[in-house]
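Take a look at this single chain in structure tokens; it is the form predicted alone.
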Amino acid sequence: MSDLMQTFPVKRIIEHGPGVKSFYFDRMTDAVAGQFVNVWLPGIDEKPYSVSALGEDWLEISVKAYGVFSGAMMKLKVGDLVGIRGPFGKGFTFRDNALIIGGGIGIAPLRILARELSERNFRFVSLLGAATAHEVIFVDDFRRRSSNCYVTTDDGTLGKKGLVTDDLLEIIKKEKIEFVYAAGPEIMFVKIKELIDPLGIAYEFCLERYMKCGIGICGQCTLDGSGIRLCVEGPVLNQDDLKAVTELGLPHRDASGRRV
């Protein structure tokens, strides 16, 4: 597949809880962990979503309702046609003795990463967190594939009450972690960096920005200070890539390029 938009029917929908769903389509492309596809709903908009899993004949994306577009995704039914193009971007590399940190819907792109690490017989530990239990999606997959799986929720409905960063340093020490992967809210990345930069542990974060073209032409997703086009040089960035980024944790720019 390429940047050419094609339409595909929704084959299956799984509802994880209020406002959180996974959508399944016939597999139309290959993708590596961290890459994304652009999803188009006619008359509404086009948005990027990470590929959360690939089967022999299916592709999955997982969505949390935030705004107009994701709200419209929640109304889709099996058989509805959706435009998809991609995959785009640079994905994760594969490292041993790693810690996977997923926050909220950021858990989605880490599902395929966990599978790929497991298939390579790499050891990894998972640390998943969200606001409430049903938002900790695919937790059984991570428990099955990880050598250990830690879970936190803001309200304490699953695992330990708190944030994924609360016990991060203790987990790194206990599990002898040598590499960190993360996907989720950007404020989480800021805290993770603050905690692990002094340790000298290498890491990769999967970032999100407003994207239009997906192929590096429009510049909409360019990161301040670095010139990195997230749709091409990202969305997965490592610790060296992030050194020049000056907007980590700041409000994102909207479709007009204005920072809200």
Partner chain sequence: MSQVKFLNLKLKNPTVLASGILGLTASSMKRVVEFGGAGAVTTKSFNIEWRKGHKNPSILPFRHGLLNAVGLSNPGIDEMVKEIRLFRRQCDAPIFASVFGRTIDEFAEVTRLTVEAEPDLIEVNISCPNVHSEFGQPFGNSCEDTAKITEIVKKNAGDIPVSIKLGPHGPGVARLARVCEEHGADAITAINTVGPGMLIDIEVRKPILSNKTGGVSGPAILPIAVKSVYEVYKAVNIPIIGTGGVTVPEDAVQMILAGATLIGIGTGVYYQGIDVFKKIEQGVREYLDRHGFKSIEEIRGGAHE
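Note that the structure is a prediction, hence the values are computed from the model and not measured. Numbering follows the first chain given and starts at 1.
We do not show the form predicted together with its partner chain, though everything after this point is about it.
Practice prompt. Sort through V32, I215, A53, I196 and report the residue having a heavy atom within 4.5 Å of its partner chain in the predicted complex.
Written response: Going through each option in turn, the one that passes is I215.
Discussion item. Quick check for you: of 188-196, 203-211, 22-30, 53-61, which stretch puts a non-hydrogen atom within 4.5 Å of its partner chain in the predicted complex?
Written reply: Of the stretches listed, the one contacting the partner is 203-211.
Worksheet item: Could you tell me if P42 has a non-hydrogen atom within 4.5 Å of its partner chain in the predicted complex?
Response: It does: once its partner chain is placed as it appears in the predicted complex, P42 has a heavy atom within 4.5 Å of it.
Worksheet item: Does its partner chain get within 4.5 angstroms of any non-hydrogen atom of L223 in the predicted complex?
Response: Close contact exists here: in the predicted complex, L223 approaches its partner chain to within 4.5 Å, heavy atoms only.
Discussion item. Is A65 part of the interface with its partner chain in the predicted complex - any heavy atom within 4.5 Å?
Written reply: A65: no, not in contact with its partner chain in the predicted complex.
Discussion item. So in the predicted complex, is its partner chain close enough to R85 to count as touching (4.5 Å, heavy atoms)?
Written reply: Answer yes; at least one heavy atom of R85 falls within 4.5 Å of its partner chain in the predicted complex.
Discussion item. When its partner chain is placed as it is in the predicted complex, are H16, V151 and E175 each within 4.5 Å of it, taking any non-hydrogen atom of the residue?
Written reply: Not a single listed residue reaches its partner chain in the predicted complex, so no.
Worksheet item: Can you name the residues of 226-252 that have a heavy atom within 4.5 Å of its partner chain in the predicted complex?
Response: Contacting residues: S226, G227, I228, R229, E233.
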